[in-house]
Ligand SMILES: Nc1ncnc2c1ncn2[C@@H]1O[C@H](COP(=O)(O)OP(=O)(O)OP(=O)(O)O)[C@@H](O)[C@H]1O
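As structure tokens, one chain now follows by itself in the form predicted on its own.
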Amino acid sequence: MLSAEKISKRYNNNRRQILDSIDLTLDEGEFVAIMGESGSGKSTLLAILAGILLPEEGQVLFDGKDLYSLSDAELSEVHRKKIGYVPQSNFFLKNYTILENIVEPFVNTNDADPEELSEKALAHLDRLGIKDLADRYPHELSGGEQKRVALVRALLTDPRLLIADEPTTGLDSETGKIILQYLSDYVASGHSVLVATHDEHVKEYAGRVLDITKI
């Protein structure tokens, strides 16, 4: 499904090597966790694998096609339907409700049905225990609630692969378990999940755990 070959990246300000010839593969139906200390390059690697950040060297293949050789329109289509991405920081439109923040990015696509998207969003929110927040605004939510909303947005179109950066960081243990079980259930339904984390609890859910310093 996903294959990274010889991925390298340096920070622009001091040219320090952050990723050096990384190889990684992810198969259909896998839950893979990449672990490592802060500053080890986990977030950078996930952004590259998601087709968000161009590597200096190497390629990222999704279904055999190099993400960075695709046109902007082709890559946008991949992001809409095949790869969901949740960055470490949450980004919401402050004047939109939670439901609007989830649905609006997809309503202008050719095959999108706003009513169907809203129903799916509410179903996901319900599974995560926050359906009652649908009509609230981002500033009214806690960090844990925002994390769950970001996941729902990324999964709204049922992408084959979800890539999530530190999905449980800064959360209480109970909220973290809710999110990890949600991701585990998504994998059980036939999808794939790749997370970057330093949360040891992820090991209880992931089928494969990789140390970023050894890949």
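On a predicted model such as this, the values are computed, not experimentally measured, just so you know. The numbering used is simple: start at 1 and walk along the sequence shown.
The following text describes the form predicted in complex with this ligand, which does not appear among the structures shown.
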item	value
Option from 151-159, 174-182, 35-43, 64-72 whose residues, in the model of the complex, bring a heavy atom within 4.5 Å of this ligand	35-43
Contact flag, Lys203 vs this ligand in the model of the complex, heavy atom cut 4.5 Å	no
4.5 Å heavy atom contact, Glu166 and this ligand in the model of the complex	yes
4.5 Å heavy atom contact, Thr97 to this ligand in the model of the complex	no
4.5 Å heavy atom contact, Gln88 and this ligand in the model of the complex	yes
Partner contacts in the model of the complex for 185-207 (non-hydrogen atom within 4.5 angstroms of this ligand)	His198
